[in-house]
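Here you get one chain, nothing else, as structure tokens; it is the form predicted alone.
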């Protein structure tokens, strides 16, 4: 890893050394400054207070964040403490997220499809002081996992807590280096780790795409991505608020709902994962995408064939980009120049990229650095040290993405992963976690899970199993039903392959790259 090849590529706007963050250098402070003017200007469309969807203006949104922050402070929460946050993509969720960051709390965005074991790990790992949740049964579940956890509902939390008029003095006082989010991400070994992103990290990530994608206050985004995921939260919501733009929040993806919103709300932007674009491409109203200023794809590779099909059917050149939980956004196809199918583009403003020397010709592990790159893993000093490479020229260290890349004419393409991580439908799936759930089935003697390319999902989760003596091979529906109480739905296998033996190396480690789906 000491021999690094620098990837010299032009940047869409500016250069890493000249990338300035908006005053005061914190995400919460920059939001307040951006949204302080024109209080009646529409900001977010969605459900608020449990009622029907409507437009919430800038002034009302900021007022609601201040009132909620006052309630949180009145409940005894102080800056630096962790708060688990999860719920449907509503204005209530956005208000809670912003209120927490304005108060200096550290938000732990949590996937609403997590099961008890997954939640137990998050709670044990980062020991949150409180939780705001909007899913049925979660308040009781979390209270059972940690009796000391202060749990409240997203809609009208802590209604009986007296509000101190002095809370305003506590808002927007975080420093750029203060932790703001702990995002849990799966790696190739061990349990999911919490990536600690500071106020400045998140601001840099949002500012880079705001500049590169020419994002302004006149833009309107249809946002159906979940607000626990970096794509929906760190790019979609954070970027909207920083630009002073507006967004239509949807609690999930339904092609008709998305296309209706594009039309009814005069949208200019849509962000989605390849799975969404795959379904939109075959819709009889896909031409509505062609009327947008910008369509962005990410979280998983967008097939070149799908990129071409969308161009032919909708007249839209989808802009593909590349980022991670630990780094927000890194690379993007340019807004003005050629958007190349199969490539994720060129470095975003403020981001520097290198390829480590690889054993496969021009291919190498992608290394990155910049103000957007995270501070480290929560209470995992060894994992943090392993994730970074010392710069041989004495500069800032480089983060190892675990992804393998190749560069052609200045454009980066992701050609594989050094890690075993599966990305299905834009979500990370850790194979060992699925292995551990499936092995409990009585008909499974051995199991190994890996991802295989899928035009719809990016990758599909496939389980290779050695059938236990005296049993028939279980079908995929049976295995999914068996594991659904242990795993989120996106982690469940979509195919099952029976094999005689799991491939292993001399040390007994599963060699997942040798697993093959029969023709």
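Residue numbers count along the first chain shown, from 1. Not measured: the values here are computed from a predicted model.
The discussion below concerns the form predicted together with ligand MLC, not included here.
Engineer: By the heavy atom within 4.5 Å rule, which residue out of 253, 411, 335, 114 makes contact with ligand MLC in the predicted bound form?
Structural biologist: Only one option qualifies, and that one is 253.
Engineer: Can you pick the one in 201, 90, 246, 424 that has a heavy atom within 4.5 Å of ligand MLC in the predicted bound form?
Structural biologist: Of the candidates 201, 90, 246, 424, 424 is the one lying within 4.5 Å of ligand MLC in the predicted bound form.
Engineer: Indicate whether the candidate residues 231, 279 and 494 are all in contact with ligand MLC in the predicted bound form, with contact defined as any heavy atom within 4.5 Å.
Structural biologist: All of them do, each having a heavy atom within 4.5 Å of the partner.
Engineer: Is residue 268 close enough to ligand MLC in the predicted bound form to count, meaning some heavy atom within 4.5 Å?
Structural biologist: Because no heavy atom of residue 268 falls inside 4.5 Å of ligand MLC in the predicted bound form, the answer is no.
Engineer: With a 4.5 Å heavy atom cut-off, would you call residue 72 a contact of ligand MLC in the predicted bound form?
Structural biologist: Contact check for residue 72: no, nothing within 4.5 Å of ligand MLC in the predicted bound form.
Engineer: I'd like to know if residue 261 sits close to ligand MLC in the predicted bound form, meaning any non-hydrogen atom pair within 4.5 angstroms.
Structural biologist: It does not: once ligand MLC is placed as it appears in the predicted bound form, residue 261 has no heavy atom within 4.5 Å of it.
Engineer: Can residue 96 be called a contact residue for ligand MLC in the predicted bound form at 4.5 Å between heavy atoms?
Structural biologist: No.
Engineer: Heavy atoms within 4.5 Å of ligand MLC in the predicted bound form: which of the stretches 32-40, 446-454, 465-473, 483-491 has them?
Structural biologist: Residues of 483-491 come within 4.5 Å of the partner.
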